[in-house]
Structures are given as C-alpha cells and as structure tokens.
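Let us start with two forms of the same protein chain, each given on its own as structure tokens and named structure 1 and structure 2.
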Structure 1
C-alpha cells in the first residue's frame, strides 16, 4: 500500500533523514488560508496521489509568486492523475539542486530480505538509464557498512557523497524493518549546492499483510478499501489480490507464481496485461470468480479476458462449472479465453462446450489467442 508523499516524508524525517519543510493543503481545507503560510518563493506544488508518473502529467509545478499559488493549487486538486484525484497538495521550497541521484530499499526475493539500490543519476526516466547498483542485505541485521561502501565505489566517484549514501541507506533499512515497509524509494535524492543531501521525493509502500500486527497498516488497508469502487471492493473482500496495469488483456489466474508466469507470457507474445489478479481464494466457486469477472467486464480498458487456472488440489471440472454458471448470467460481450489444466481436466472440454467456449491445451496457445483478440479489438 502506497503512502502519500507528505506522509512518507514524515516517516523519513522520523529517522533523521533531511526532507524539505512543506505545507500540506488537504482537499477539504481552505486554500486561501493555507497558502498564506507560504512566504518564500519559488516553490514546488505537488499533487498528492498514490499513482506513478505524476511529474509527466503536470502534477509537479513551479510557482514563482504568491498571486499564482491559489489557481495552481485549485487546478491541481481538480485534476485526475492516473485516474486518481489528489487527496491533498504539498507545497515545498524550490530546491537549489546540484545533482539528482537514486536510492531505495526494497524487499527482494533474490536477496532473501532487503536490497539497497543506488544510482548516481536519478529523477524522471530513471528506468531508461543503467540499472542501479545493488547491495543484497537480506535480513536487516546483516547490513554491513563496508559491504555497501564496496558496491558504491564501483559507481560513485565522490567519496564524501558515498559516505552520506551509506548512512542514509542504513537508516532506510532500519526504517523499513521497523515500519513494515516493502519499498522505500527516494527519487530523486538531491545533492544541494552546499553538498548536503535531501529527499526531494518519497515513495513508500507498506506491507499490506502486516496488518495483523501493525495498527497503522490496518487503518491504511481499511481506508484503501473504502476508497475503492464497489466492484474492486467486492474482489478485495473475497481475498483476491489485484493490481491494475496499463494493458488491455484482463487476466484471472490462481496463485501468484502462475499469474506472474501468464503475465510474462502475455508480454513475450507482444500483448499487455491489464492487471495482476490472483483469484486463489474460493478457487472453484462461482462466488469466488463473480466479483473478479464483473470488475474486468466493467473496465473499459480491458478488451479480452484470459482465465488461466492450474490446479492440483483444485478440481478443474468445478472451475469449469463455475464459469458455466457465470456465463449464463453475464451481460458483457467481451471475448474470453480459457486455459484450465490440472486435476480432472479431461472433463473440462465438454463443460466449456455447453456455452460455446474452448479450453486451450497450453498456456502458450491461450495467450496467443488473447493477444490476437486484443489486437483485433483496437
């Protein structure tokens, strides 16, 4: 779960990390009274949304005079970024930037815990540059200053800056472990003209599944669900895992690994998945699949729906019968592609045939068909 930037910066400041002094204007606040607190210009006005790409959509603007501040703030609050209206606007001093770098700490399976990543060039389009240097930490108590220093020596020539990065990274690892953060990203980490370091942005994701032991995360989780539209909320209440993406092939799958494999194959075949949707809870019931299918049917971005389920304990004839029930009540005409495999799969073709569907023998065949249908629909 993503934190808003201003809340993330408060968390960073609690660990002694330097952040700009900002003024937060919530949607329900009086804009005129709030902007009166801003006395020094120029300032950066930043929309507070959880989606990415805000800068490219005009969600960060420079304002040079008090008279221009109210209309810019109002326009920003009225603008949707990535389908999300800002909860607030953050106003910060415009920084005298000498250099922009990248620093993050994230949970990484290959590291069996946390990994620290650093790049000497940060900011917009960081992904277009060389990959960041990696220091696989693992458990937070495995962090070693000399090990990170050795990694940084390969990419960062300024030894004084290196030492600042080492200190920051150590604090980020501790902060992530203490507050159940799966990602803490500072991009850009700014080197100011006096040589000091400051976090100009903060992207912090909390581990949703730590809600049972972390009351702050439990409250964030409940707030996220209250904000969600009714169809998404119904899926989340079923226990499905859903992440919306920018493609046009809706994917209903079972198990995170199989879902990721299907997404990779969609990309390999030239398509673009519209979501990560792991419908493992209730894997054989109509009740389990109904909210997932309704959500994808209602999404105008989705052109075709691929159902890919592999089961050992999950019996495929029960999945197929659930799909038959759903097709009988379905109003949408979006094409659907099926690939069911596993226990009792020999019973599946006859069941799908009852509602005019075909079960593809392999995931490759099913994905190729979904990609073809998505292309023909555009």
Structure 2
C-alpha cells in the first residue's frame, strides 16, 4: 500500500531525514487560506497521488508568484493522474539542486530481506540509466556501515556525500523495519548547493499484512476499501483480490497462480478476461462468493462468468452448495460456466445438477465454453 508523498515525508522526518518544509492543501480545505501561508517563491506544486509517473503527466509544477498559485492548485485538484484524483496538493520551496541521486531500501527475495539501492544520478528517468548499485542487507539487524561503504565506493566518488548516504541508508533500513515498510524510495535524493542532502520525493509502500500491529497501516487498508465502489468494497471486505482487466469473461477463481493460468488460457483460446479475481483468501462460503458474483453481474463489461476453483483446503462440495444457493437468489441472466476440481470433487456434479448446471472436467473445456458464450453474447 502506497503512502502519499507528504505522509511519507513526515515518516522520513521522524527518523531525522531532511525533507522540504511543505504546506499541504487537502481537497476539502479552503485553498485561499492555505495558499496565503506560502511566503517565499518559487515553489513546487505537487499532486498527491499513489500511482507513479506523476511528473511526466504534469503533476509537478513550478510556480513563481503568489497570484498564480490558486489556479494551479485548483487545476491540479481537478485533474486525475493515472486514473486517480489527488487527495491533496503539496507546496514546497523550489530546491537549489546541485545533483539528483537515487536511494532506496526495499524487500528483495534475492537479498533474503532488505536491499539498499543507490545511483549517483536519479530523477524521473532513473529506469533508463544503468541499474543502481545494490547492497543486500538481508535481515535489518545485519546492516553494516562498512559493507555499504564498500559498495558505494564503486559508484560514488565524493567521499563526503558517500558518508551522508551511508547514514541515510542506515536510518531507512531501521525505519522500514520499525514501520513495516516494504519499500522506501527517495528519488530524487537531492544534493543542495551547500552539499547537504534532502529528500525531494518519497515513495513509501507499507506491508498491509502488518495491519494487526500497526494502526496507521490498518487505517490505510480501511481507507483503500472506502475509496473502492460499494460492489468492489463488499468483495474486498471478504479478503478477495481483484484487478480489473479489459475483457468480457468475468473470472472467479481461487489462488493467484491458478487464476493467472485461467486468464492465460482464456486469451490463448481467443477470449479476453474481464478481471483477475482470486476469491480464495476469504471465507469460501456463500457469504464469500456472493459479493464477487454481485460485482460481476453488475459489471456491463462482463458477458459471461467463469467459476474455476481447484481447492485443497477448500472443499468443493461446499463451493458447489454455495453456488446452488447463489443461483437460486440471482436476478442476472448472464451465462455461468463452472469448473470445480479438488477435494471432494466427486460430490460436485450431483449438486450442480440440482440447479441445471454442468461441471466441466477440465480447464480447457470450461474456458472453451466461456469463450464461445462470450462470442455469442456480443
């Protein structure tokens, strides 16, 4: 879960990391009163969104005079960036930049924990340059100043700056572990003309599974759900995972790998999946599947619904009985295709038969049927 920049910077500041003194204007606040607080110019006006690529979409603007500030802020609040309307704008003094660098700490499988990454040239085109230098830390208590110093010596010739980066990285690793951050990225990390370091941006991702021990993360999860529309929210509250795609075959599946395998097979057979919907983490009962089905039934993009579940701990006669219950109360007449397999699958055909449905024996058969039905529906 991504934090907004201004909140991320507040977290950085709490660990003694230098950030610009910013003014935050929330969507619901009075722009005029907030803008009056800004006394020195030029300033950077920055849209507060969670998605990336804001800079390339005009979400960061330089303003040189008080009079221009209100229209710029207003326009930014009315523009969506990466499909997201900003919650707020952040106004910061325009920095006298000597150099832009890149510094991040992130969870990394190869490192068996955290990795520190540094590049002497940062900014918006970081992906186009050589890959950053990596210091695999592993468990956070294994951070060693001398080990990072040795890595930085290869890429950074300014020894005073190098020492600043080492100290910053040490604080970031500790911060990540203390606050369950999966990524803390400072890009750019700015070297000012006086040689000091300041975090000009902050992209911080929090580990949502730490919600039980971190109230801020718990609140972020709740806010994420509140932002979703009511149909999706009901499904998310069941623990389901949903990614919208642009096709017409609504897919209800279980397990991330199985769901992707079904999506791929739909495409291979000439169809188009409408979503990734992994319903396995939630309670696999009528209560769990009801909101998933309601969401796909209400989605005009979805022409056919394919239920493909291969259960281990999830017992398939229970899934079949849930489907029976849901079909009895369902208003939509969108065609349904079933492919249930796994524990107790031998009981499934008889249950589906009770409401006139057929259980396809293989994923191939079920997908072919869904693709055929989607074609005839359009």
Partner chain sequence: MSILLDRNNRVLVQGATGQMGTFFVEDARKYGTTIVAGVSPGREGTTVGADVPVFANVRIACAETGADTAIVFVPPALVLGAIIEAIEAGCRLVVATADELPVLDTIEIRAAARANGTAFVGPNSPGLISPGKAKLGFMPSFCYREGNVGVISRSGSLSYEGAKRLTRAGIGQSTVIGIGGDPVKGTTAAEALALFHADPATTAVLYLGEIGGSEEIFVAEYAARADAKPVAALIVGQTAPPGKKMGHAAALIGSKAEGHEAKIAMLRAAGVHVANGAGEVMAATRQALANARTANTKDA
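In this text, rigid core is short for the largest set of C-alphas that superpose within 1.5 Å between two forms. Note that the structure is a prediction, hence the values are computed from the model and not measured. Positions refer to the first chain, counted from 1.
As for origin, structure 1 is the form predicted on its own and structure 2 is not. Both residue 363 and residue 248 are assigned to a single rigid part for the movement between structures 1 and 2, based on which superposition fits each C-alpha better. Remark: the rigid domain rotation between structures 1 and 2, smaller part against larger, is 31°, computed from C-alpha superpositions. Fit the two forms on the rigid core and the C-alpha of residue 234 turns out 4.5 Å off between structures 1 and 2.
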